[in-house]
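Here you get one chain, nothing else, as structure tokens; it is the form predicted alone.
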């Protein structure tokens, strides 16, 4: 099948301002010999025009809970510098990153102290996340009055006819991957599939519900460490009646055929949230991979220009061997992809954009190896689905890794 996305190289003029910082950062990482860099620098770097975002790998202890398990993480995103870093202690951080940060205009001791304070605040937030999330959920349930309460339970009328046709095929005893690919018709990028998910009327009502919640006095949490604006849908009460049946009854039959090699047959938990892009808030999202085995990203609206997604390759592929593909994201449509597939969002140039993200996890896969830190997880207590790990002795107990 032909990919319908645009080759990133053809967009070199449009995004050439990003390249210099990529080269400087990667060269500095290589020169300073920071261990565990997941991207390998090479001479062809300037020909693979991917926005700068760097991940460093190291051991990360994981938290276990009654229902699910989380993990503590030493990985942090410095959004101002578009840099992922490892923090264990101030001494280690200075040794590993002070020279690199100086090349990125973090020149003074005051600026470096501001970076340290930002990391320490994030350390504290992660330690308290499970408890604060549970507290927010309780307050929301007590004080928030939904505008459209019927939306909190999944109904087939919310789903696009073509999506229902696709799932009906997946549920057949004679369904095959090739038959499904013929039905999908379009591969937006390698193993990235585009199809309608919801009816437009549902998307419009969901947007009204989310804006009503956003304007309420109810407490709100950040979706993840990369997106500052959005809503955690489990805290709003959508998990049990909406996203769990959506995953189990509709999405898992689909992922079983498309991603059997990435845990698609055994997705047993999820994290669902919405992210918002606005001219006065977050404009874009740096190149990254998800804390998920499979991700569904649905465009809910509203009116905006630009802001397309782009996809590179699986994160284990060296950056110098990667070409990115730009993919248009249209309202009501979903993009389904592997969580470890590197991707990002280009800046919007006007308006406001909301996306529904569902990170689907397979404990059978991540119990062997944490997808974020590449280590066997060490489990600590978490709440809800947490990060989708489970104790081997108790498959009903889910565990998660809090790197994002």
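Not measured: the values here are computed from a predicted model. Positions refer to the first chain, counted from 1.
Just so you know, the form predicted in complex with a small molecule exists too; it's not on screen, but the next bit is about it.
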87, 250, 213, 273: which sits within 4.5 Å of the small molecule in the predicted complex by any heavy atom? 273
Position in contact with the small molecule when the complex is considered in the predicted complex, options 332, 297, 137, 256, heavy atoms within 4.5 Å: 297
Candidate stretches 189 to 197, 167 to 175, 94 to 102, 288 to 296 - the one whose heavy atoms come within 4.5 Å of the small molecule in the predicted complex: 288 to 296
Any chance residue 158 has a heavy atom within 4.5 Å of the small molecule in the predicted complex? no
Contact test in the predicted complex: residue 309 vs the small molecule, heavy atoms, 4.5 Å: yes
Looking at the partner-bound form in the predicted complex, is residue 340 within 4.5 Å of the small molecule by any heavy atom? no
I'd like to know whether residue 355 contacts the small molecule in the predicted complex, with contact meaning heavy atoms within 4.5 angstroms. yes
Is it the case that 277, 345 and 359 all touch the small molecule in the predicted complex, with a non-hydrogen atom of each within 4.5 angstroms? yes
